[in-house]
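First comes one chain, alone, set out as structure tokens in the form predicted alone.
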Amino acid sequence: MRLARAFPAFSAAFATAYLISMYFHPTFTLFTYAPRLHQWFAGVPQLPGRQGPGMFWYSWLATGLLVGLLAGAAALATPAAIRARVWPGLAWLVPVVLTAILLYIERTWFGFK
């Protein structure tokens, strides 16, 4: 069992889970950090208006980490016969496609509508 074969699976799963949790924000938010209150909340709480918005970035990172670790563990447990059928180009294709999707989602930041 080589640990190096878990890294491509972790990377692809992390990026996918991060993008999904960011795009479908309220549904896949594990927790929220309120910086003015210095408190953590489960899910998406209703914060008072004067306390400012909550931060969800930490939750998106945690979601990506959990899914990535599960994918890496699955890659380590996968038999060699099944691994041989998976195209190695997926390790490059998945991040490139997800980056293109992210740029499209966030296009308003770049001045496009």
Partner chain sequence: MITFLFVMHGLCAIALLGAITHQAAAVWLPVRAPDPSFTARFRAVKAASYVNAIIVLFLITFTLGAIVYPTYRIGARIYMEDLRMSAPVGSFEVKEHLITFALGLLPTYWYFWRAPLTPELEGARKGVVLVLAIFIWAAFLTGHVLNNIRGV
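Positions refer to the first chain, counted from 1. Please read all numbers here as calculations on a predicted model, not as lab measurements. Only the largest set of C-alpha atoms that superpose within 1.5 Å between the two forms is called the rigid core.
This next part talks about the form predicted together with the partner chain, which is not shown.
Participant: Going by a heavy atom distance of 4.5 Å, is P26 a contact of the partner chain in the predicted complex?
Facilitator: Outside the cut-off, so no.
Participant: May I ask you to check whether F41 falls inside a 4.5 Å heavy atom distance of the partner chain in the predicted complex?
Facilitator: Answer no; every heavy atom of F41 is more than 4.5 Å from the partner chain in the predicted complex.
Participant: Please check if L61 has a heavy atom lying within 4.5 Å of any heavy atom of the partner chain in the predicted complex.
Facilitator: Yes, L61 lies within 4.5 Å of the partner chain in the predicted complex.
Participant: Find out whether any non-hydrogen atom of F31 is located within 4.5 angstroms of the partner chain in the predicted complex, and reply yes or no.
Facilitator: F31 lies outside the contact set for the partner chain.
Participant: Please identify the residue among L47, M55, L66, A75 with any heavy atom within 4.5 Å of the partner chain in the predicted complex.
Facilitator: Residue within 4.5 Å of the partner: M55.
Participant: What are the residues of 92 to 110, in order along the chain, with a heavy atom within 4.5 Å of the partner chain in the predicted complex?
Facilitator: If the 4.5 Å heavy-atom criterion is applied to the partner chain in the predicted complex, 92 to 110 yields W92, P95, V96, L98, T99, L102, L103, E106, W109, F110.
Participant: When you overlay the rigid core, is the Cα of F24 off by 2 Å or more between the shown form and the other one?
Facilitator: No, the C-alpha position differs by under 2 Å between the shown form and the other one.
Participant: For A15, state whether the C-alpha moves by 2 Å or more between the shown form and the other one after rigid core superposition.
Facilitator: No.
Participant: Quick check: P88 between the shown form and the other one - does its CA shift reach 2 Å or more after fitting the rigid core?
Facilitator: Comparing forms between the shown form and the other one, the P88 CA shifts at least 2 Å.
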